[in-house]
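Take a look at this one chain, the form predicted alone, written out in structure tokens.
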Amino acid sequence: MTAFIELKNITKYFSHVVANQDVSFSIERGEVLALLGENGAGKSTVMKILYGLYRADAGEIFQNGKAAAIHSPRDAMNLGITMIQQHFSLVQAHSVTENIILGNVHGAIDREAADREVAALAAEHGFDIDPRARVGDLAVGVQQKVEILKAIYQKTRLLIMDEPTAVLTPQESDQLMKFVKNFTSQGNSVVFITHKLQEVMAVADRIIVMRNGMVSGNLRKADTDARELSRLMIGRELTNAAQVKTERAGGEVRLALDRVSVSDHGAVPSLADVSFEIHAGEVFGIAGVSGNGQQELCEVICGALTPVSGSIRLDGRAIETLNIHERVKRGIGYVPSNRHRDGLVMNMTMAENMLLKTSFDPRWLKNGFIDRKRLDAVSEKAIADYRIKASGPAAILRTLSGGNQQKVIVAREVDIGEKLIIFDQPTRGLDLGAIDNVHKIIRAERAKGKAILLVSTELTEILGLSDRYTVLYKGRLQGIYDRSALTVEEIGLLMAGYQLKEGGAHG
């Protein structure tokens, strides 16, 4: 039987770097195909070639056995191929209907008829969406549904989804999986680009594993497991954070927030009456969908934001009036979620980035000048300890991969954070090997008696690493729980703003 889509010997170069080399695989009708691989493995590149965003340097694409010329996304869409990328291509100021029909209708538009058509399409696929709603007012999970409806409206037969559950609650993820299964049951196909092995094992029919730009595995789900997949991806087995046994922290209170609020940036306070404690030798997790006050919480602790009320204490001493410089000197490290914007200067060297936040420290000075030998020695040690792939301390940061840039920040902030380290989305955008490395670092620093604040949208990360955790929703805490107190479904309800009923686990 002829495959719906077949890629043969796809090769792509970026300058002298090989992104794809002789990549060949097929996509069958009615199939969910998972595409796995580390960052830089070439999986997104080959899908962007299929979607027409990139042109292959060599190789061919076939549809139903016939050569397909795909030079642009419009060519791909004409062949029934659509790609939903991590950053949605929606017009925030337009309505749901306007976004869905944009570019697909001509002449006078009957808006009421278009709204009815979109409402019917949403209902058919189990999506509760108001066609007249402004997209910019919708939650990010609902915006993803608009992207899906847009693809269905275009009569797509192959839907490529890049990390589709990264912004969803567990319940929204479950709903997405149901859609995928229903969509493929009608003879359509889905390619799932993801790093979540649990997702792959739950929804995929077949799995393509890529490594160093080449296909390293083509397996039926029934014939493999997560352990084999991780070996194919990175060449070694990963530590399962959920299986790591840790004793409950019993140290003194290191960080204490009491009724901390941050001023409004709109209709809802960024933080409202937030209170919790973190003990020495404890990982305290913050779960929740992005945009519910997580960044403000991190910044009010590190000193980038000033609370309008409430107190923050480190080892019993008030720090809410101290600036960032003074809090760094008190031993607070901060790994921000946006490393490019808040954590690094990309045109500086690795050594200079290691110096950034502690340039005032006398240890870096010699006769009034920067002690380059000492700085280089510290940087070389970080390269060795954290396995940073860099030519040396003089390497320019922008020449490093995203995972290695993150390792530079982690190395610097672990050194600074003698008492408290804040990790905000520390594994976002990293491959499985780098994620495993960050998890090991968090556990190691916890074992040294440091207090760890871990902010993550990945529930497996929160439940695997945290001693206790909370859920942040619209700037408010939804109770504080031990790691085993709630089910994933209950946490998902809290992430969506629901209160748990009396009798269930609640804070």
Partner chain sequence: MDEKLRDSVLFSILAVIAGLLLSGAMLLFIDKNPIEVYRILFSSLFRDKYTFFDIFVKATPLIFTALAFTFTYKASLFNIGAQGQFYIGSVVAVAASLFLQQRLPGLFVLAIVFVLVLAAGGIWGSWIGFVKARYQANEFLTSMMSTYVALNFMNYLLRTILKETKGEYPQTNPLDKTVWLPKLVPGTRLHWGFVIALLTAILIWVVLYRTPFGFRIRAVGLNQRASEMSGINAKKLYVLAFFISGALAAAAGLTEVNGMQHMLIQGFNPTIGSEGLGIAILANANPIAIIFASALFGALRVGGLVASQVAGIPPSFIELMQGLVMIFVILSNFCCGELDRKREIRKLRKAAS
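Numbering follows the first chain given and starts at 1. None of the values given here were measured: they were computed from a predicted structure. Between two forms, the rigid core is defined as the largest C-alpha subset superposing within 1.5 Å.
The next section is about a form of this same protein that is not shown, the form predicted in complex with its partner chain.
Heavy atoms of every residue among Gln21, Gln295 and Gly343 are located within 4.5 Å of its partner chain in the predicted complex. Screening 279-287, 367-375, 157-165, 123-131 for residues having heavy atoms within 4.5 Å of its partner chain in the predicted complex returns a single hit, 367-375. Contact check for His325: a non-hydrogen atom falls within 4.5 Å of its partner chain in the predicted complex. Among heavy atoms of Arg206, none comes within 4.5 Å of its partner chain in the predicted complex. For Met201, no non-hydrogen atom is located within 4.5 Å of its partner chain in the predicted complex, even though that partner is not displayed. Residue contact check for Tyr498: none of its heavy atoms lie within 4.5 Å of its partner chain in the predicted complex. Proximity to its partner chain in the predicted complex, taken as a non-hydrogen atom within 4.5 angstroms, holds for one residue of Glu172, Glu352, Asp115, Asp436, which is Glu352.
Contact with its partner chain in the predicted complex, judged by any heavy atom within 4.5 Å, is made by just one of Lys196, Lys145, Arg211, Lys357: Lys357. Within 4.5 angstroms of its partner chain in the predicted complex, the stretch 440-476 places no non-hydrogen atom at all.
After superposition on the rigid core, the Cα of Ile480 moves by less than 2 Å between the shown form and the other one. Relative to the superposed core, Arg55 shifts its CA atom by 2 Å or more between the shown form and the other one.
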